[in-house]
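Just the one chain here, laid out as structure tokens, in the form predicted alone.
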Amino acid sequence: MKLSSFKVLIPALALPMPAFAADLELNIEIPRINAAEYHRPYVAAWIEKADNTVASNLAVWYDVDMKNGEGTKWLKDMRQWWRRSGRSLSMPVDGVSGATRPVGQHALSFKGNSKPLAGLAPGNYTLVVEAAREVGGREMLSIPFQWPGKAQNLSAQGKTELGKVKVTVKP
């Protein structure tokens, strides 16, 4: 074999390899609330590291249609998300932020090599979902999970602003 053959192999070894092949599916239920004045909730979903710092923002649903970006004014009502991550973001965030959702089940799916998951090192994390509603309440659910780990189907049940939240990790 000639030396020139090795020149081709060496750069190929330096290419980044996908760290871990696992996907994450998230299902968030917005329950029907009987109220005289009902507003769709603002919802944030993110992944926290063991030290409670934000590893990745998965979704932020807010009133994106308000003129002059006034929908961002109430993002701080999702207090935990706002303190941990929200105040440092410039909204809208491509691939993360979107409009509020109606009553029902809302599924999100993330491939292991997608931006929200690509930087996750193996370890223990917590999925956090927080909802806040104008003239309503605020609720937060936390679901610990292992990344990438074995196949996991985990859930938590909300009481007021959130219904059932399910997370599935598929190795």
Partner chain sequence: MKLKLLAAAAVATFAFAGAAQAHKAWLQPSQTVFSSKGAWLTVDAAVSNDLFYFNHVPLPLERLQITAPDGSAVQPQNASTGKLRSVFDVELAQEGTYKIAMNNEGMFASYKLGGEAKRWRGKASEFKAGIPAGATEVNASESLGRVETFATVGQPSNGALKTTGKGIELVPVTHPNDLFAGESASFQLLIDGKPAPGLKVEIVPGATRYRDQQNEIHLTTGADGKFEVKWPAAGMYWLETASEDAKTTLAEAKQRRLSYVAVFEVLPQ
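Residue numbers count along the first chain shown, from 1. Remember, it's a predicted structure, so these values are computed and weren't measured experimentally.
Keep in mind that the form predicted together with its partner chain is missing from the display, and what follows is about it.
Using a 4.5 angstroms threshold between heavy atoms, K76 counts as touching its partner chain in the predicted complex. At a distance threshold of 4.5 angstroms between non-hydrogen atoms, K111 is out of contact with its partner chain in the predicted complex.
When contacts are judged by a 4.5 Å heavy atom cut-off, H106 does not count as touching its partner chain in the predicted complex. Under a 4.5 angstroms non-hydrogen atom cutoff, its partner chain in the predicted complex lacks R40 among its neighbouring residues. Considering its partner chain in the predicted complex, the lone stretch of 98-106, 65-73, 116-124, 24-32 in range is 65-73 [heavy atom distance within 4.5 Å].
The candidate spot formed by R83, S88 and R138 is fully in contact with its partner chain in the predicted complex: every one of the three has a heavy atom within 4.5 Å.
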